[in-house]
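This document starts with one chain, in the form predicted alone, laid out as structure tokens.
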Amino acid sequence: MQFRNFKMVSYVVYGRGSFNQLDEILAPQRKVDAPMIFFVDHFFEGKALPNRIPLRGKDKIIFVDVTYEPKTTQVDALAQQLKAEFGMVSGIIGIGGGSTMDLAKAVSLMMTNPGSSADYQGWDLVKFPGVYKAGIPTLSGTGAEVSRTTVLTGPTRKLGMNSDFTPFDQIVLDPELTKDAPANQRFYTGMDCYIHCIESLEGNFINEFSKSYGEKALQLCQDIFLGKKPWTDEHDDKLMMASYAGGMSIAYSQVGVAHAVSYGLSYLLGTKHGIGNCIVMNHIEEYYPKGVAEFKQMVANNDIFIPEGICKSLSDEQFEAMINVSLGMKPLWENALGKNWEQIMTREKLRALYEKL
């Protein structure tokens, strides 16, 4: 039997106010005449957070537009821009939600690997380590801070650059940074974590490593979202750790139906990952009856709106494109439905599921 020997994040700092240590954390990684580049979610443009970034020398802040999830074209353009302007950089720091962190990971890799990021969509295709990279989440739930993938929409598919070179060298987990997240957005990303746990814990690839992290992350999500109490600092602290543990859980197992179906939505419609998972989770009682019932309770308790009918005006060709992307996620389907998943999740059955969304 072949056991997965997977790469984890090298350094982790956790705690309220830990963002203030960023200058000393980055100091040993600086190279002469090579700046640190800070990718900051455009949500923070004109707000206080960018003023706290410890800029030195030629360091640069780039506000990245993450209205839509990262595309290979966006990654390639940013890498080319940095190469043209600086030649080489000391590192790339992603400050934001999952999309911003994924962009930072991908651009770090494209500073040292030839061609287009689309060439590396898949498993273990990246040839060389990227430049130093650090992730600083300002939203909790995606697990992007610990994952070995950076999920990109390419010309033909939505698929990650999954490799041992992808994880961050450093993460800074400061729950203070998530304080001002909009309630809806916080819920959608929090549910990404909850759904990770349900899919991992009920999947065929489950093992004690994944279970240990997944059960803790699930318990934290239940503590946070099943109650009706006002949101507090403690909720932010717990959700940040749920995100970390949920990401660790799927690192040694896999996600399932909700993620596989939502990949098709993001590819075709540009649906953001967290809300896409919620839209799908609303309709998959057949696969996760207990998890879906609990999810619906969380939606009700938190007065959250989940869109309906987003696929109602699509053409046959568009349905086919989504189905192709979704069925390409073979490890996810195998985890959820077993080795004979193709007999269970036929094109017709998947089309019927998309029609319900």
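The model shown is predicted, which means the values in this text are computed figures rather than measured ones. Throughout, we count residues from 1 along the sequence that is shown.
What comes next is about the form predicted together with a small molecule, which is not displayed.
Among Ser90, Thr149, Thr72, Asn113, the residue placing a heavy atom within 4.5 Å of the small molecule in the predicted complex is Thr149. This chain appears without its partner; in the predicted complex, the one residue of Ala181, Leu173, Leu109, Ile198 with a heavy atom within 4.5 Å of the small molecule is Ala181.
Using a 4.5 angstroms heavy atom cutoff to the small molecule in the predicted complex, none of Lys60, Gln81 and Phe165 count as contacting.
Contact with the small molecule in the predicted complex, judged as any non-hydrogen atom within 4.5 angstroms, is confined among 295-303, 30-38, 328-336, 43-51 to 43-51. Mapping the unseen interface onto this chain, Ser253 falls outside it, with no heavy atom inside 4.5 Å of the small molecule in the predicted complex. In the predicted complex, at least one heavy atom of Gln185 sits within 4.5 Å of a heavy atom of the small molecule. In the predicted complex, the small molecule sits beyond 4.5 Å of every heavy atom of Gly264. Contact between Lys105 and the small molecule in the predicted complex is found at the 4.5 Å heavy atom cutoff.
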